[in-house]
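Here's a solo chain for you in structure tokens, the form predicted on its own.
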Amino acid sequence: MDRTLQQRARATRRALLEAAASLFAERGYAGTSVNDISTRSGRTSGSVYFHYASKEGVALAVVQDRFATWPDLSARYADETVPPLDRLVALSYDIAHALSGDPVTRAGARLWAERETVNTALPDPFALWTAAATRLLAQARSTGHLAPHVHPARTARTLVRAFFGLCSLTEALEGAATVPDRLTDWWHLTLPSLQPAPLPPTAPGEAPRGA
């Protein structure tokens, strides 16, 4: 296949995936047909079957595209010039923004929630989030920025699930625009439990406690 045909094929795949994502996000998996995807994308139904084999194949591609694999995730949490807990918080806002504003991410989240209706196994999107959070918490511990009682792996698992529940329920009850504010409220409650207690003040002339 020459370069022009390859580029055309990639463009068609992308158009189909984005059209499917917008439909899945709006209508859900059961409410979207192959004909709907072809109409929204401006391509034929044959293109859907050629590039993705089935509606299930399109759904799997949507989940894998951003929701489960997060291609930009590693770059965000690997910047060691930023303190680990700051990176964890910043990462949560990036993901919340994608969940509320990016059609492919939104579709992936809805497909995951409706996974019992999809006749194919969808990848677990939380494994990568949990691994990233575990690594950041472990780094925070090694630099003295994590409370001694906090276990990185167990805490990461809880944080990821609580975060996803917060985003989902906030959007359902109040709308996507309020998610950042509720996330800020959540971090104000959560961060103090992750951080070590401040050392008590010392009297003039005394050595700092713990020195």
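So that there is no doubt, residue numbering starts at 1 and follows the sequence shown. Keep in mind that what you see is a predicted model, and the values were worked out from it rather than measured.
Absent from the display: the form predicted together with another copy of the chain. The rest refers to it.
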| query | finding |
| --- | --- |
| Candidate from 41, 170, 47, 32 lying within 4.5 Å of another copy of the chain in the predicted complex - any heavy atom | 170 |
| Full three-residue contact with another copy of the chain in the predicted complex, heavy atom 4.5 Å, for 124, 158 and 185 | yes |
| Close approach of residue 112 to another copy of the chain in the predicted complex, 4.5 Å, heavy atom | yes |
| Touches another copy of the chain in the predicted complex: residue 56 (any heavy atom, 4.5 Å) | no |
| Another copy of the chain contact in the predicted complex: residue 19, any heavy atom under 4.5 Å | no |
| Heavy atom of residue 79 within 4.5 Å of another copy of the chain in the predicted complex | no |
| Members of 179-194 lying within 4.5 angstroms of another copy of the chain, judged by heavy atom, in the predicted complex | 182, 185, 186, 188, 189, 190, 192, 193, 194 |
